[in-house]
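Next up: just one chain, as structure tokens, the form predicted alone.
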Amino acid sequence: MSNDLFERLGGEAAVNAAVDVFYRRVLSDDRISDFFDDVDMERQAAKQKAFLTMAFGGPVHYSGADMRKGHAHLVARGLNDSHFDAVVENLVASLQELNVPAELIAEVGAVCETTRNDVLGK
């Protein structure tokens, strides 16, 4: 068994499925959906799939801005810890919906936490 989180999650197909479920949840979540009002969601999902693949130790195809630059406009609109927590909560719920084992979900949560300060511009 690989120690690589990306492979243990199920690789590209699993990450793609998780992102699709994740954005369905995010866009239905009144706490954070407003941040996506003018976003091209097809493009956003593609970027997120590439980013999470990289963050989980898979092939690096992500070419977007770093987390601090990529979220600066959202921080200016009020993005804060409660919104970050809501995003992580939706990702965890998406993985649970896809029957990902709890220990892998915990690892995903830990990876997300490493991005908090950059995402929030702290």
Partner chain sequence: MTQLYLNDVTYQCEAGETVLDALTRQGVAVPFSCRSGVCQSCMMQSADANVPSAAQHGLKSTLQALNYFLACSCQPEQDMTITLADSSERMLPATVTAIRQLNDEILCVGLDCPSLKDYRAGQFINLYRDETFSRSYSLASVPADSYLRLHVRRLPDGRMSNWIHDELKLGDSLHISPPLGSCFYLPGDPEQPLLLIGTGSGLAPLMGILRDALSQQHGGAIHLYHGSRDVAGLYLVDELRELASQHPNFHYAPCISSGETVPGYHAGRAVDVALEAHPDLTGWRVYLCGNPNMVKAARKKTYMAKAKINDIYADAFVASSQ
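Rigid core (definition): largest C-alpha set, two forms, superposition within 1.5 Å. Residue numbers count along the first chain shown, from 1. Keep in mind that this is a model prediction, so the values were computed, not measured.
Just so it is clear, the following notes concern the form predicted together with its partner chain, a form of the same protein that is not shown.
J.: May I ask you to choose, among A55, V87, A45, L74, the residue with a heavy atom within 4.5 Å of its partner chain in the predicted bound form?
T.: It is A45.
J.: Name the stretch, out of 75-83, 88-96, 37-45, 62-70, where some heavy atom lies within 4.5 Å of its partner chain in the predicted bound form.
T.: Heavy-atom contact with the partner occurs in 37-45.
J.: I'd like to know if E107 sits close to its partner chain in the predicted bound form, meaning any non-hydrogen atom pair within 4.5 angstroms.
T.: No - in the predicted bound form, heavy atoms of E107 and its partner chain never come within 4.5 Å of each other.
J.: Even though the partner isn't displayed, in the predicted bound form is V19 close enough to its partner chain, meaning a heavy atom within 4.5 Å?
T.: Yes, contact at 4.5 Å.
J.: Does any part of L27 reach within 4.5 Å of its partner chain in the predicted bound form? Heavy atoms only, please.
T.: Looking in the predicted bound form, residue contacts with its partner chain include L27, since a heavy atom lies within 4.5 Å.
J.: Taking 2 Å as the cut-off, check whether the CA of L95 shifts that much or more between this form and the one not shown after a rigid core fit.
T.: No, the C-alpha position differs by under 2 Å between this form and the one not shown.
J.: Is V26 one of the residues whose Cα moves 2 Å or more between this form and the one not shown, with the core superposed?
T.: Comparing forms between this form and the one not shown, the V26 CA shifts below 2 Å.
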